[in-house]
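The form predicted alone is given below as one chain in structure tokens.
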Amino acid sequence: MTDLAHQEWDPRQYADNARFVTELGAPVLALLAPQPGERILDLGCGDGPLAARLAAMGCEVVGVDASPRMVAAARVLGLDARVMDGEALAFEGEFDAVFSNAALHWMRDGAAVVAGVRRALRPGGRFVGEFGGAGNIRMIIGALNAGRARRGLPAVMPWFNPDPDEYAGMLEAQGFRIDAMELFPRPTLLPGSVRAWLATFAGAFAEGLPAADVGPFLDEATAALQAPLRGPGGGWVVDYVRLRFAARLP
């Protein structure tokens, strides 16, 4: 299976089709339990809404994201947002906590991410996050790769979706103590169609397709997903599985 991580981010498209991702981050913020005056790194901050919430709580927040367009949108909110690869964090012992919501699955080298978080934290620092875990959007991935197979293209898996034991092992290898680790299904009603979701998140699956075939390819996947993901009221319910965790250093 080919590993591709190509994904272009459009802040307006994200706001229109994926703002629910931010709204579902509230339990992760609660698990973080931020305190005024803490210095917190928002890893994969996107366009910055959760970093802004942390700042409003009195935290000193730095947001990092690999997308220059998303970072530019976060800076419009007045945030200290920086373009940075999450697999190569450039911080040394300066944060009380690292927080991440719905971003770590885009960082294929999970061990490198955890090592960078370890370097970024002060002694006793916390690492709290939630992201796609084992089995996440299995039906969507299957429909998209079936479409690629029909076109003679290899299967793609652009995301890092570990199970709890795998991720706990990565954390423990860097000296973290696990305070919480939970893998759970979270079927999520989309604000619009799954076709808009695919256009927002599934860029890697279009790799190798002629530009003229991308639209038909996504239409075909949408049709295949009608039966498993279309609810009785006509809404689309995506088969998310999330891994939520909290860990800390000695």
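Worth saying up front: this structure is predicted, and the values here are computed from it rather than measured. Sequential numbering from 1, following the sequence displayed.
As for the form predicted in complex with a small molecule, it is not shown, yet the points below apply to it.
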{"query": "Non-hydrogen atom within 4.5 Å of the small molecule in the predicted complex for each of Phe127, Pro164 and Tyr167", "finding": "no"}
{"query": "Contact segment among 25-33, 177-185, 39-47, 195-203, judged by heavy atoms lying within 4.5 Å of the small molecule in the predicted complex", "finding": "195-203"}
{"query": "Position in contact with the small molecule when the complex is considered in the predicted complex, options Met84, Leu171, Ile137, Val156, heavy atoms within 4.5 Å", "finding": "Ile137"}
{"query": "Close approach of Tyr240 to the small molecule in the predicted complex, 4.5 Å, heavy atom", "finding": "yes"}
{"query": "Exercise: Arg118 in contact with the small molecule in the predicted complex, heavy atom 4.5 Å", "finding": "no"}
{"query": "Contact label in the predicted complex: Arg148 to the small molecule, heavy atom within 4.5 Å", "finding": "no"}
{"query": "4.5 angstroms heavy atom contact with the small molecule in the predicted complex for Gly132", "finding": "yes"}
